[in-house]
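Consider the single chain below, provided in structure tokens and representing the form predicted on its own.
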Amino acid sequence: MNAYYEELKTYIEKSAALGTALSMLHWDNETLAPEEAIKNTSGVLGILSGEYYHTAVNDKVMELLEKLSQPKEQETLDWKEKAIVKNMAKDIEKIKVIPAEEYMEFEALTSEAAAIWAKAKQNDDYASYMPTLDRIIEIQKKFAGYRAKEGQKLYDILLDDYEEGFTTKELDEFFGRIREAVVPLLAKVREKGEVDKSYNERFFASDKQAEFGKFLAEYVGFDFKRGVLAESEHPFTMEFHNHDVRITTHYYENNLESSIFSIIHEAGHALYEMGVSDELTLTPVGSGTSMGMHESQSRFYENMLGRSKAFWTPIWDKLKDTFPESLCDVSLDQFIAGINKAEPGFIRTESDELTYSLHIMVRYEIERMIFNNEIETKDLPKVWNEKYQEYLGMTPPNDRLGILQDLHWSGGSFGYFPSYALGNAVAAQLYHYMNQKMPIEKLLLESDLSSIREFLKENIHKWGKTKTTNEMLMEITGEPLNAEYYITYLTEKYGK
């Protein structure tokens, strides 16, 4: 092994250990930690973040990376080591311009912000959350400014963190195409009359939902020997390494679909992380390549598979047996029509496939306005409501159903939301290709998801961050991201 790389491994291993510890504390904050623990724990997170920062950003690490980037040294590295060196250098380039004390302050702030957001949402009290959000935005603008090259937009810097190579230029074109195709299609679908899904608002006991949720997670392939399913205010996935991946959901006793599809969605994320190669996990390339590709996996499982009749046919009796009273008069066909009902709603995570990207478009446009200094935090609820009226034809009756519904901004994750829509497009492109290579419907009817999982693992999951989204798509489908597959998928499905 290259001597320089051998020395670098010490820092890689320490960074991975600190990153795992930080993730565990964040997980605990979101799931089991008592309310009054947050303030003290945020201080601990700040200190650990400082240790993480200095482990990655120091003269020795940068010296080693510089030596390892030389052609002579590159020749002695294998493909995995080259990818690690490249990715590590890129990550350090992003954070080394941020002063350590500011980095630590931000980590402590965002750890507290999640609890502040959750309480504000529960109380429908945006005013109590606004000062925290204002501070997060202020710091993120400062950090992006540290990294900006001459003439570079601040928001483009944040977008690149989640999907390399995508800027507001590409996204304006992408969302323009979505708006052009989806808005009129939604209008046509709504003209055809209502789908009755009142069954979904009947009583579904939380403990029974949890029981079925565990079955469902295992059914799609989630390995409980390497994973945990817990409850949180907002469903999410967090990986420590490929043998410890944790997902959450939220149970509403008058909304069965909410937990069902959040579990399938988060399991899609988890399968990605569980599928990362053992030789890559706990390294700088040991997780999903981008948020767009990550979302493609969760949306593929949630929508392409999880909303199909073939997926539910083998397990329909299991669901009815779990809720015999609430589903006694509901047929499989009625359930399939219900879970695919296209109707504007306020909540992104519970929206149908057709309206989902419109929810993302609202967030994208608002984020762009924030980082172009076109809007202040006090005006966000008003602008949010106006855009919901414009794109979905409805105005949220309160901030809990509006500006306060998402956790992401509390963690400083500006630039993340567009990845959801990009993920939908990637999922549709993969689905189109995979349907030509294997009988997906037949496999689902036979409860055989293993062939589907294995294809995704071999072509996407095991490679971690060693390839970009477009590199993977080129290798798999022969072309880079093409949104037309998504448009065609929606048109064919909802045109029926």
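Numbers follow the displayed sequence, beginning with 1. Predicted model only: the values in this text are computed from it and were never measured.
FYI, the form predicted together with another copy of the chain isn't displayed, but the following is about it.
115, 142 and 411: each with a heavy atom within 4.5 Å of another copy of the chain in the predicted bound form? No residue of the spot touches another copy of the chain in the predicted bound form.
Consider the chain as shown here, without its partner, and state which of 161, 244, 352, 233 has a heavy atom within 4.5 Å of another copy of the chain in the predicted bound form. Answer to the contact question: 244.
Among 40-48, 66-74, 448-456, 434-442, which stretch has residues whose heavy atoms lie within 4.5 Å of another copy of the chain in the predicted bound form? The contacting stretch is 40-48.
Is residue 20 a contact residue for another copy of the chain in the predicted bound form, using a 4.5 Å heavy atom cut-off? The answer is yes: residue 20 has a heavy atom within 4.5 Å of another copy of the chain.
Although the partner isn't part of this model, could you tell me whether residue 226 comes within 4.5 Å of another copy of the chain in the predicted bound form, counting any heavy atom of the residue? Flag for residue 226 set to yes.
Contact of residue 57 with another copy of the chain in the predicted bound form (heavy atom, 4.5 Å): Answer no; every heavy atom of residue 57 is more than 4.5 Å from another copy of the chain in the predicted bound form.
Using a 4.5 angstroms cut-off on non-hydrogen atoms, would residue 62 count as touching another copy of the chain in the predicted bound form? Looking in the predicted bound form, residue contacts with another copy of the chain do not include residue 62, since no heavy atom lies within 4.5 Å.
Judged by heavy atom distances of 4.5 Å or less, which residues of 1-15 approach another copy of the chain in the predicted bound form? Heavy-atom contacts within 4.5 Å come from 13, 14.
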